[in-house]
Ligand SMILES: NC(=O)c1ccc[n+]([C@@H]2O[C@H](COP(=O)([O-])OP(=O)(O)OC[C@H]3O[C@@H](n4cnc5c(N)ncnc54)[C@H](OP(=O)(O)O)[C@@H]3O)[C@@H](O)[C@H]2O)c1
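Heads up, the chain below is alone and in the form predicted on its own; it's given as structure tokens.
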């Protein structure tokens, strides 16, 4: 479904970091309707029906999410509603409208006991927190839309609404602070403009519906990420970054120690993701 001026796209959760990048990429290329959580509570069938009646979308892109990982442990009802049950509401609405549903999930659905190498879509899930469980529920309920994409993303950064852990790490490094970074937590950083471009390519190429990992290519520890930010900023990485061990038990909600995702399935359909180090370099240039 190539984006044309007549393609009707509904973007939910429009206030989120990833949504900002999608809006920047899609505006001017389609008939985009963007609604924030305040404008449309996707857990409400009545609110969703009202918005769909007005937008009549061909594609629904859902960026609405409860992202307070530790807060979900204190308020599981809110997380399960926003990340799980609400996705079922959207999926049912998409099915009724014969619209494509594109929904975002997370690397937190994994927590392998040993380093298995970059995780594919069919790797066993093991959600160890309320947040992770709620996102996995959302993946399951998204399948109620016959035409659906579930895209797992990880360690987001960048865009006009930058506010992630990686964004805060970059700000501290560029201030000249010496930052602590996990030496044994492995991730796949994901630059939100690249994810927005991938969403457009996914639709344009009519990639088969289903579950995909949508992340920048490659992986590294948080020390690797922090050092890459320092180098791209023209700073001494050894002075800027202090490696520390990662202890999952130090947080109210468990984080996976290994969360590197393989994007080979998307690449097999022609949706190529740039290396994360290249993305970091481009990101840092936007901060200059």
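In this text, all values refer to a predicted model and were calculated from it rather than measured experimentally. Numbering follows the first chain given and starts at 1.
If you look for the form predicted together with the ligand, you will not find it shown, but the lines that follow are about it.
| query | Taking 15, 18 and 105 together, does each of them reach the ligand in the predicted complex with some heavy atom inside 4.5 Å? | reply | Contact check passed for all of 15, 18 and 105.
| request: Evaluate residue 80 for contact with the ligand in the predicted complex, applying a 4.5 angstroms cut-off between non-hydrogen atoms, and reply yes or no. | output: No, no contact at 4.5 Å.
| field | is_contact(residue 154, the ligand) in the predicted complex, heavy atom dist at most 4.5 Å | value | Yes.
| message | So in the predicted complex, is the ligand close enough to residue 67 to count as touching (4.5 Å, heavy atoms)? | response | Contact with the ligand, yes.
| task | Answer for residue 58 alone: is it within 4.5 Å of the ligand in the predicted complex, judged on heavy atom distances? | result | Contact with the ligand, no.
| message | Within 4.5 Å, heavy atoms only, one stretch in 49-57, 228-236, 34-42, 241-249 touches the ligand in the predicted complex. Which? | response | Residues of 34-42 come within 4.5 Å of the partner.
| Which one of 205, 163, 74, 120 is close to the ligand in the predicted complex, taking close to mean a heavy atom within 4.5 Å? | Only one listed residue qualifies here, and that residue is 163.
| said: Heavy atom within 4.5 Å of the ligand in the predicted complex: which residues of 128-144 meet that condition, in order? | reply: Going through 128-144 in order - heavy atoms within 4.5 Å of the ligand in the predicted complex - the hits are 131, 135.
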